[in-house]
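Listed next as structure tokens is one chain, alone, in the form predicted alone.
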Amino acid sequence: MTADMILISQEAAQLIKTSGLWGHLSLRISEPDALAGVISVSEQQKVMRPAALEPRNHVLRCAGTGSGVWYRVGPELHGAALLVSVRSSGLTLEGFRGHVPSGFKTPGAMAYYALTYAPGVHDPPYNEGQIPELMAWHVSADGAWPISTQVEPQTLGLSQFAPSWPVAELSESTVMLVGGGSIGGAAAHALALYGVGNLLLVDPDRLGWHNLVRHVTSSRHVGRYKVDALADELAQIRSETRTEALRLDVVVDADRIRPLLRRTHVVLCAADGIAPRRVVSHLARRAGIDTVLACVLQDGAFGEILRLRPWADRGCLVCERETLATAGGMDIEPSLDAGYGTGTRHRPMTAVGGDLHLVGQLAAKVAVATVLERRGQADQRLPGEHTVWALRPQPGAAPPFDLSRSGELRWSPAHPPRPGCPTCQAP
């Protein structure tokens, strides 16, 4: 069995680093994947000590087994390995043996895998290069060839971004995501990637087969509540984000949404109906919480993100829409009261999945920027409160939708509340 890459877990790496001059290895090897992983390590001829291979469903869990040897070496061998790797070449067997001070195993008719550990790479002059501590080799009677090695980092997860990204601030933040459809699903994944620590997922609907062409989830979730499917997926791939799956309708269950807003920093609404968007705008405004509304318009011609701030000089969703309509813009909200498949109340096509995911990801960015700006991160200020993104621009559209090129993005300022608005007026 052959492998082009060897995986070394932190547990295996620590065993090698603390076990003397040389020893044996046990490997899992997947020939179809040309991949191997270290699963146990010994010191010389002593008992093999297991090294966990995670996760439990890793491809190597069911692969075949093999063996190898590890050696402690000087840093010059790893420096030489980098040079021969550039030429896609290797070392002579005698040349490789000359760098192994103890325990060298001469290959017979069968080649073997070797790992070399060179602790001296941290000392001058080797510490000025990018020389790794651990390297893998394919050793045969014809010579020794370096092969790719992946060593599990000591630090995994979002903490790798600190201090270049405000990991701590976002891990303490909570975003309520209303709508677990195509835009909402993409937004959920993006929010987790940004490092948002807590997601409240709100949606009463189940995932249907017809959703799959646009949704981020797969067919194994068909029939399940969308929030449950998203929560399960995020738990598997972004476990640092804590999720609560809430099978709630923001219109019907408004009394249950209000208390949740007390522990929410920003609401991202990806619902495409008029009523849910207006209810979210009203509830968040009354709770004093920033809101980000994301949708597509005109059958996927435009993506739109509208941020509402609960400030005295900023209007709610209805105020923004009425101001736009009064200025001659398109009557947006009726176009949102549409879904898939009926051709009457529901429009047969909103947008392709890729465009919907772009809108969801940009909405997540706006939500995260809103949280961080509130926490004093000045570099997260946005150029406006309302953005329109041309996905399939339509000739003759009224401002601010008069975009001419796909991908064109336009930001606009917010507008003040309209007189008599029941949402914006103090209760």
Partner chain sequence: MGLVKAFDDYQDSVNADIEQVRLARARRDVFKKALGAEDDVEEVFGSGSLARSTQLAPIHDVDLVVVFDADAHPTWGTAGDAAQEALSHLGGKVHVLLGATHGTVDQLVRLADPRNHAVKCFLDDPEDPDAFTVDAMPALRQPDNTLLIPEVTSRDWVSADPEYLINEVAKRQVKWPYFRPMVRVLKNWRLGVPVEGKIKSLVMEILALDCLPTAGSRPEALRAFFSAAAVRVNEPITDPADLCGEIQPDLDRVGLRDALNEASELATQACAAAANGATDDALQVWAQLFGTDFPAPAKKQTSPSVAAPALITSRPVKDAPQG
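Model, not experiment: these values are computed from the prediction. Residue numbers count along the first chain shown, from 1.
Keep in mind that the form predicted together with its partner chain is missing from the display, and what follows is about it.
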Interface membership of G376, its partner chain in the predicted complex, 4.5 Å heavy atom rule: yes
is_contact(W311, its partner chain) in the predicted complex, heavy atom dist at most 4.5 Å: yes
Considering only heavy atoms, tell me if R381 and its partner chain come within 4.5 Å of each other in the predicted complex. yes
Given 313 to 321, 69 to 77, 125 to 133, 351 to 359, the stretch touching its partner chain in the predicted complex at heavy atoms within 4.5 Å is 313 to 321
